[in-house]
Structures are given as C-alpha cells and as structure tokens.
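This document starts with one chain, in the form predicted alone, laid out as structure tokens.
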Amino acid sequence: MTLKLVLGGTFDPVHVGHVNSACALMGLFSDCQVVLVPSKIPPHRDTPSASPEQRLKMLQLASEEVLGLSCDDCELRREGSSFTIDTLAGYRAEAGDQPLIFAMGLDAWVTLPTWHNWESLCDVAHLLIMERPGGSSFEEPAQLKAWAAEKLVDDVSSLETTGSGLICHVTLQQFDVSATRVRETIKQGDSTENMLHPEVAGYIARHQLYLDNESHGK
C-alpha cells in the first residue's frame, strides 16, 4: 500500500529546499508518494509573482525525475481561494479509508486557527508538522494547543495505521534556501546555482520571471 502525503504551497518558485524536504518526508515511511499541490489564490499570503500556470510548470520540471514525487493542479482548476480542507476532502474521497497525510511547516501550523474550517482537517487527514533542528521561536496559540492535545503522537509510523485524525511533529534537516531569497537573488542578477533545479532555472530565465514585481512571459 502506497501512502499519500500532500505538501501544499505557493512554490514561487519551487526550489531545492522544497524537493529535498519532500524526499526527506518520503524517507520517513516504508512506501510513500508525495504530491506537491500549488495554490492558485493563497488565502493567507500575498499574491504570487509568477502565474499559477508558470508555477505548475516549474513544479513539473523539478519533480519529473524524482521517484515518488509528483504535482497536482487540483487547486488551480478550482474557482476562488485555495482552501486546504477542500483539497484534502477530494483526496479523502479517492483514498477511501487509507492513510492520508498533509504536511506543513511549523510557521504555518501556528496560524492554523485562521484557516478556513481548520478544525475539520483531522477529519480527513493526518497532520505532519515539519520543524527545524534546534527548536523554534514560534508559539502555539492556546486554542490550537487544546485542539491538538488528544491527537498528538510521537511515532510517525502511527500515521500509517489509520486513515486520519492524528498529529505528529518531525524534525527535518534545515535547507538554507527560501523562495523569497531565490526571487531576490534573481532580481539582483546573482547566480541561483544550488538553489534551483537546472530546468527550473532555465524556465525562469526564458520567461524573465522575478526580475521585478510582475511576472513576464507565459
């Protein structure tokens, strides 16, 4: 049985940190497929610089040679804001009673009470919270802490035994790259070597993305 793990984001652009984190997540389980889901209209973030179609294409280029990694345009095909609960409900309908995991960073986790229908997330999936080595300065809201208390498990393998309902925190290696840093590097005309997949870097160059505050190309 292949476990499905969903990793969402704006991916503006997708960089080696995204791919390396996805591979690290796959390594936590015996048989796991990670699906990268780009957000069309992120409710809690600024509008991405690149278009949804451009961000999807870059994801395809970055993931096509990585076994077990794929991307899905389900949020791009929906109208309106990209709500995670809607995406996970769609995957749950496909998965039946099989395990489904949604992974997010700790920075996103602490904002969960601001998400649309957030208390229903564990009805359709497990939540896997990615932390960086050395701890964090992020503080959990009391409401979130109380909601999560009875759902927390220490062993990530517990997520493979039931379909949904559990929350687990894992520590992953920190990758010293961010989409913000990539965009600034491109804007300044500096090299993005070791930050981007070569095919992604080539696509950005061809379409003149991130040279200013607006996207170029198609």
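Don't overthink the numbering: it's just position in the shown sequence, from 1. Every value quoted in this text rests on a predicted model; they were computed, and no experiment measured them.
The form predicted together with a small molecule is left out here; the points below concern that form.
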Is residue 3 close to the small molecule in the predicted complex, meaning a heavy atom pair under 4.5 Å apart or at it?
no
The small molecule contact at residue 183 in the predicted complex, heavy atom, 4.5 Å:
yes
In the predicted complex, residue 130 touching the small molecule (heavy atom, 4.5 Å)
yes
4.5 Å heavy atom contact, residue 107 to the small molecule in the predicted complex:
yes
May I ask you to choose, among 35, 179, 32, 56, the residue with a heavy atom within 4.5 Å of the small molecule in the predicted complex?
179
Exactly one stretch in 61-69, 169-177, 150-158, 188-196 has heavy atoms within 4.5 Å of the small molecule in the predicted complex; which is it?
169-177
Is it true that 84, 90 and 92 each have at least one non-hydrogen atom within 4.5 Å of the small molecule in the predicted complex?
no
